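Coming up is one lone chain in structure tokens, specifically the form predicted on its own.
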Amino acid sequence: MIRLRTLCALVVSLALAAAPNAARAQSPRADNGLARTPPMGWNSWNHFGCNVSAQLVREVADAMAANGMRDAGYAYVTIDDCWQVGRDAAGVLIADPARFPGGIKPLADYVHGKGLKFGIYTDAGRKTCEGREGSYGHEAIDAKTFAAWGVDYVKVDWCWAEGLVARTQYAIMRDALLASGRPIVFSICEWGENQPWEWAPATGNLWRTTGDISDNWNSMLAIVNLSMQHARVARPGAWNDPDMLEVGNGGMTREEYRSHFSLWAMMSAPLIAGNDVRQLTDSTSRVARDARDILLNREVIAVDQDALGAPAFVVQSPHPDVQVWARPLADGSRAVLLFNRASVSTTIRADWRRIGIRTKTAVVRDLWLRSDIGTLDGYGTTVPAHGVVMLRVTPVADR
């Protein structure tokens, strides 16, 4: 079996109501105390696929420590599929000795030495999506192995799982990680096929809501359409995951990548970079310059990482291609996104009452221009095709 690549083509309604919060009616989750804000970091899959090695991971860690990513909050350096080649006589996973000489622990130590955290990949099924050893039947030993290696984050896929029940298998892995003796963020990756929003908040720290993302506008938009329906179940320690970021991989325009990053921030999604971050400081590359500007925008990151952990909803949509998103922030302000899904420039206006501001006026700041606009009684502007304007709106007390 190969990794599921084809995104669901279903066209969903843009209704403002989100799915009922079934998860909160369940018993309390086995909370590991982690991921109180959406995880941030880097994962190898989107750009490198199976071409992973210790050398690549060391270079990525070096880059993230030097290019501003670590200081902006990107903490996890995660190897995806293809690092493992089998098990030893004791059942312990073996890293590819050619690509990971010395094994995984020295690599995790190196990443930790750069002030970063280390992540790894496995599968809840019998094999991984690329046919390597899965964790089915080995959950306890794999969790103990990961803990001994110094793993801080584990992504668990769902290939080669015929006849298995996702809710059951992921709970087994959850319990194994909790018993491992090391705090490890648990990322559930079953692509939204088993309604994880109904049970995963009691199981993991984040769960995929859709199939895999591709580096193009239609793929990104389809994922937004699906993932936005489950906003109500997310909360500190438990997050909807619409998949990793494609920013910097070259398949979208600058405006589209800004929209991609802004929408993930508004949805309180994990911000897991999927590009070659070693190239982020290449001043000769427009793609690299744009990616740096987007990935290191601390004002947009601050929205994603807001302590309140309340994802956005669409609060105005006078036309299917014109949307105003809003989410409350911990300091009483609102993050607001004017989102133009159309292929032509469009004027979009946010009404204070509709976004939850109860005062007549509010201070408006543009987070992409990084500038204050003024104290206003509403705000409208022209938004470029496939683009966004992202605002922080702070109410001013009426006199």
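Residue numbers here begin at 1 and follow the sequence given. Note that the structure is a prediction, hence the values are computed from the model and not measured.
One more form of this protein exists, namely the form predicted together with alpha-D-galactopyranose; it is left out here, but the text below deals with it.
- Heavy atoms within 4.5 Å of alpha-D-galactopyranose in the predicted complex belong, among the stretches 178 to 186, 266 to 274, 144 to 152, 73 to 81, to residues of 73 to 81.
- No residue in the set Glu299, Trp325 and Trp368 has a non-hydrogen atom no more than 4.5 Å from alpha-D-galactopyranose in the predicted complex.
- Only one of the listed residues (Asp290, Asp306, Glu133, Glu130) places a non-hydrogen atom within 4.5 angstroms of alpha-D-galactopyranose in the predicted complex, and that residue is Glu130.
- Only one of the listed residues (Tyr121, Trp207, Phe118, Tyr170) places a non-hydrogen atom within 4.5 angstroms of alpha-D-galactopyranose in the predicted complex, and that residue is Tyr121.
- Taking the partner from elsewhere, Met244 is found to have a heavy atom lying within 4.5 Å of alpha-D-galactopyranose in the predicted complex.
- Mapping the unseen interface onto this chain, Asp212 counts among the residues with a heavy atom inside 4.5 Å of alpha-D-galactopyranose in the predicted complex.
- Contact annotation: Trp217 falls outside 4.5 Å of alpha-D-galactopyranose in the predicted complex, judged by heavy atom distances.
- Proximity of Trp352 to alpha-D-galactopyranose in the predicted complex falls outside the 4.5 Å heavy atom cutoff.
- Taking alpha-D-galactopyranose as positioned in the predicted complex, the only residue of 31 to 47 that brings a heavy atom within 4.5 Å of it is Trp45.
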